[in-house]
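Shown here is one chain on its own, the form predicted alone, set out as structure tokens.
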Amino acid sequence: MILLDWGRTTRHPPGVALIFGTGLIGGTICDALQRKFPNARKRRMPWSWSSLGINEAEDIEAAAKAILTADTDAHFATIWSAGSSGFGTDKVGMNAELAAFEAVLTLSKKIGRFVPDNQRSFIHTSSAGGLFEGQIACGKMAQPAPLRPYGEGKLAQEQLVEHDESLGQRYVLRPSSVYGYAASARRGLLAVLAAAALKRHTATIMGALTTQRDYIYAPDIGRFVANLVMNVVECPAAPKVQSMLLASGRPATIFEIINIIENRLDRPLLVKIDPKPDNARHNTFLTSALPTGFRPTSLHEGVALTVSLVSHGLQTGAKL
């Protein structure tokens, strides 16, 4: 995990952000916060996901407390963008992730005791795909209807956040199909396709070419989360609980994604289709469901940026 702290500026009080999960989404959140607070100090601290990490929790608590108690107007944010689960994760795996999540909640509440309610927040990154799998044209009033343990587990995490007032201001974010590239993160569909095209290898697709999804570029989420942290700093009277869908509102098929990558690289992409895909349901959202101020990158631009990042990664020795 990452502990990010920033000192007082002429416009903002000091603060601390704990970022649990430093992969594709968490990395962009950290980058965006560092742009918001140029004087921020970034510290990687150990955290054991397979256990409660008691000693590690004490170290994190001590580091955060030292900063937060030095100024009465300091702000504190906990950001969860972690978890190793995916669509195929079973109940045992989701229960393990829930235990890790509960440990983070406990730590956040212990640290939060040193900060007034309106100066602390908890931002939880959930999954629109897990909650709305198989639903199309989802709007603001769409209700989660998980079809597998993955979605049920994400919904259980959301409910813990929504019902716990001691966390301060709570934001539940539901990103759709996230894409992009980070050297230390799991490879999503678009990064895998881009790498296959660049290496002239065959890519295996665990879905149907006609499956429609709503793809969202990871840095869009990072910028939005950084803005949420700033909103708590600047507008402490915001609603205590908010759920937000982060999507593009512009569905695309896997076939279209392949075409964009091929056109970008001016070469064909060889693909192998799973004849019995387990993850081929449509999942789309309306632009009217997106929160005010969320500006998704266009698919063509996001794919171009991802291809460039993957290409650079291959050139610098990344194993893709």
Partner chain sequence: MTALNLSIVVPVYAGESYLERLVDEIEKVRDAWKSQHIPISLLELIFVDDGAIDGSAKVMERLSLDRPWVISLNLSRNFGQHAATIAGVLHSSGDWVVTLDEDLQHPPERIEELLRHAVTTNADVVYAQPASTEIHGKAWRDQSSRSFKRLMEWLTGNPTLRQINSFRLMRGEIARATASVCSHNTFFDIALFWFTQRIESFEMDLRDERFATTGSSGYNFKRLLGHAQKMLFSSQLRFLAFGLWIGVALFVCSILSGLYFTVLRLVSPAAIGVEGWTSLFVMVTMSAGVLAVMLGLCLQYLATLVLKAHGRPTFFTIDRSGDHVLKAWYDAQDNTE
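A quick note: this is a predicted structure, and the numbers were derived from the prediction, not measured. Residue numbers count along the first chain shown, from 1.
As for the form predicted in complex with its partner chain, it is not shown, yet the points below apply to it.
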- [ ] Identify whether its partner chain in the predicted bound form is within 4.5 Å of every residue in the set E256, N259 and L286, based on non-hydrogen atoms.
- [x] yes
Would A137 count as a contact of its partner chain in the predicted bound form, using a 4.5 angstroms cut-off between non-hydrogen atoms?
yes
### Task
Report yes if any heavy atom of R250 sits within 4.5 Å of a heavy atom of its partner chain in the predicted bound form; otherwise report no.
yes
Might I273 be said to contact its partner chain in the predicted bound form, defining contact as any heavy atom within 4.5 Å?
yes
Using a 4.5 angstroms cut-off on non-hydrogen atoms, would T210 count as touching its partner chain in the predicted bound form? yes
Of the candidate stretches 94 to 102, 186 to 194, 210 to 218, 125 to 133, the one with residues having heavy atoms within 4.5 Å of its partner chain in the predicted bound form is 210 to 218
